[in-house]
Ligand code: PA5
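Next comes just one chain, in structure tokens: the form predicted on its own.
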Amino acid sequence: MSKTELFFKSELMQNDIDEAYEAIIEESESGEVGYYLLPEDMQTLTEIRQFCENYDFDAIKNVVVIGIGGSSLGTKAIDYMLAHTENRNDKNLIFMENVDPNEIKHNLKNVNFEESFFIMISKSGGTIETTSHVKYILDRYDISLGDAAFVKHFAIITDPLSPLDQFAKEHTLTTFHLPLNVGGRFSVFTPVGLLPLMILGYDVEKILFGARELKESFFAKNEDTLIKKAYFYASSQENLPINVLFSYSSSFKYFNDWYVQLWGESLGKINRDGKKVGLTPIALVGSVDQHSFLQLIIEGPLNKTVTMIKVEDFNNEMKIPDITIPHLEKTNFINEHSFNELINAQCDATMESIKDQGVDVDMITLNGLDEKSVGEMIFYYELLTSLTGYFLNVNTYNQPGVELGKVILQKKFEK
């Protein structure tokens, strides 16, 4: 299990903590918010495993995920956090997300259709970026909808009875369904993430186990720190509207992106009292961003909270050699120490410097980066988002602002 330390005062009475537990438990039991149930969904896991065992993935070199936002970010985050592990096979994982024509050209440059498996993901079934990518792929590789190659090399993930689901049935495409009560940004433990991650060789069951272990701890009311943290964010959002996630490992690059979507789309709302609320997410990677954004945190306005993520053991004892470079002798203090020691010392030093400036900070420490810890981290942030939404008094699970832009876009092309 990870450890969270709060270096700020979160003045929350025990009865308020108990009420927060009960609110989340009630939300889970209502059936209206389905992500709480996903760590225990062994039926979906079994269906995906059976599909993977029956498909000849040995002949597949490229796994192409066609989806955007919640349909891609969670998978990308987990793969990047676990890419160093032995379970990861050598298949290329390619994401078709943005409709930037140069990126599309680059992504497909060396992709042979017969050596590729395409996963088309759209909860609504009509995501304009996703459908546009698929149309281009069909045209590029001269594939007709009725071709056997299309059926063999495509799988669909969508809501039951969506337009995409109806299309998939008509063309006998392999289809996995999303639960209707799980939004895209909470969907990584559905086939959205489980299918591509299993194809890549990861132990998906351990990922779910990590999430399930944290869920059980929370529902046993053993995670007061998580509630105190959410309350502090929500109660101080007027004076501290920016939440900075400072992750001390390059492996968190895309986890940071996933957090930005989860945090921004879930919490930036007009709440039930008619008030505009929200916390602006900023994602940094240490030690790289010590040399840029840290200056703003240290000497800029005191309008931010900072969360540090630290990996205790990278399972890699690579060391800095005992070499003296002329004129650079002042760097010799780190010689013969491991890179693991260096990056964690940098994390600790950065946190101390932030605390000394009166910035409210907390630290999440992971024992290591493996399937179990990654599953826990995903569920940790999903729970934190739900709790913060509860204290902000918003509907954490809708996104009316995003839907407005889609309506305007369609009108532009109808003129």
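Model, not experiment: these values are computed from the prediction. One-based numbering along the sequence shown.
In what follows, reference is made to the form predicted together with this ligand, a form of this protein that is not presented.
K.L.:
Can you check 45-53, 358-366, 64-72, 379-387 and let me know which stretch has heavy atoms within 4.5 Å of this ligand in the predicted complex?
P.N.:
Stretch 64-72 is the one.
K.L.:
Against this ligand in the predicted complex, would E97 count as a contact residue? Criterion: heavy atoms within 4.5 Å.
P.N.:
No, E97 stays farther than 4.5 Å from this ligand in the predicted complex.
K.L.:
May I ask you to state whether S10 is within 4.5 Å of this ligand in the predicted complex, using heavy atom distances?
P.N.:
Although this ligand is absent here, S10 would stay clear of it in the predicted complex, with no heavy atoms inside 4.5 Å.
K.L.:
Mark T307 yes when one of its heavy atoms lies within 4.5 Å of a heavy atom of this ligand in the predicted complex, and no otherwise.
P.N.:
Taking the distances in the predicted complex, the answer for T307 is no, it never comes within 4.5 Å of this ligand.
K.L.:
Consider G210 of the chain shown here, and say whether it contacts this ligand in the predicted complex, taking contact as heavy atoms within 4.5 Å.
P.N.:
No, G210 is distant from the partner.
K.L.:
Let me know the one among K215, K229, K269, R185 whose heavy atoms come within 4.5 Å of this ligand in the predicted complex, would you?
P.N.:
Looking at the other structure, the residue within range turns out to be R185.
K.L.:
Only one of T174, N87, Q261, S235 comes within 4.5 Å of this ligand in the predicted complex by heavy atoms, so just point that one out.
P.N.:
Comparing distances to this ligand in the predicted complex, the residue within 4.5 Å is Q261.
K.L.:
Taking a heavy atom within 4.5 Å as contact, would all three of S122, T127 and Q399 count as contacting this ligand in the predicted complex?
P.N.:
Checked in the predicted complex: all three residues contact this ligand.
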